[in-house]
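In structure tokens, the next block holds one chain alone, the form predicted on its own.
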Amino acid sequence: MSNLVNSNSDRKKKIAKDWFTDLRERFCKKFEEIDGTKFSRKNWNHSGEGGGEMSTLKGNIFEKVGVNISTVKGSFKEDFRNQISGTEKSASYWASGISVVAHMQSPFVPAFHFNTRFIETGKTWFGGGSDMTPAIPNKEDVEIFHNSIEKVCNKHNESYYGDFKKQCDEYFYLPHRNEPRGEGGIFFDHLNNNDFDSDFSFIHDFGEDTLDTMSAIIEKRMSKKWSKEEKDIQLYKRGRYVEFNLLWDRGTLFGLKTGGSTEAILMSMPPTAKWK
């Protein structure tokens, strides 16, 4: 029985890891087509076992975009272990995922964030989400983004969009500012319906849809001219983005607490920002 369990676990890990790698390639290829600039890549090693690869681009349309993948394993430190599900009997973990953060040159193109991950402790689950943070909100873009996410959610479970949107609105919020980070999206964690193939099918479709929707919005807005005043609005909005990621983001904390690459973890920071 033990060998069968291990074999099934290895199958799930391979499916998830291979998909995240494939999706990274597709994000990079599409963004290179949009920008006309190539990504640079850098490998990093985990303090436990495994590691990841950073792919970053600073170009004509993207002021800074990162597409990172990682697969790591190790043991949680005692001060962090109790915050993670499934660690009651063991501090060991395995995690693989992809993270995309795009900060745009144009203040009329929203910043985008997307990630999905597969984690195994004493339990296994998928987590992730996608959200947009416009500097100058555009109702049409918000509707396109949310309608697309709702459609892919409803394909798999009609309760997903409402539940995951609520989690996103609650998570991507700055309590010290009493304001949301952006225009929301979806956010979920501990997704496990005791049917890996069904859960993975949702993760797969969600990743495909996110790439298509992000690209469509970027291409729609990227050529519009902007003023210095409009750029300043974007830079002040980025200040809020920085505050959230450093003060409240659990993914940042998870990476730092598990011996990840600081450079890769802080890839989400915008290249420039302002505070009043």
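Don't overthink the numbering: it's just position in the shown sequence, from 1. Predicted model, so just to flag it, every value in this text is computed and none were measured.
Form predicted in complex with another copy of the chain: not shown, discussed below.
Residues of just one listed stretch (36 to 44, 65 to 73, 206 to 214, 244 to 252) have heavy atoms within 4.5 Å of another copy of the chain in the predicted bound form: 244 to 252. By the 4.5 Å heavy atom rule, the three marked residues Lys58, Met269 and Lys276 all count as contacting another copy of the chain in the predicted bound form. In summary, among the residues Lys77, Lys89, Lys139, His176, the only one with a non-hydrogen atom within 4.5 Å of another copy of the chain in the predicted bound form is His176. At a distance threshold of 4.5 angstroms between non-hydrogen atoms, Lys12 is out of contact with another copy of the chain in the predicted bound form.
Of all the residues from 93 to 114, none has a non-hydrogen atom no more than 4.5 Å from another copy of the chain in the predicted bound form.
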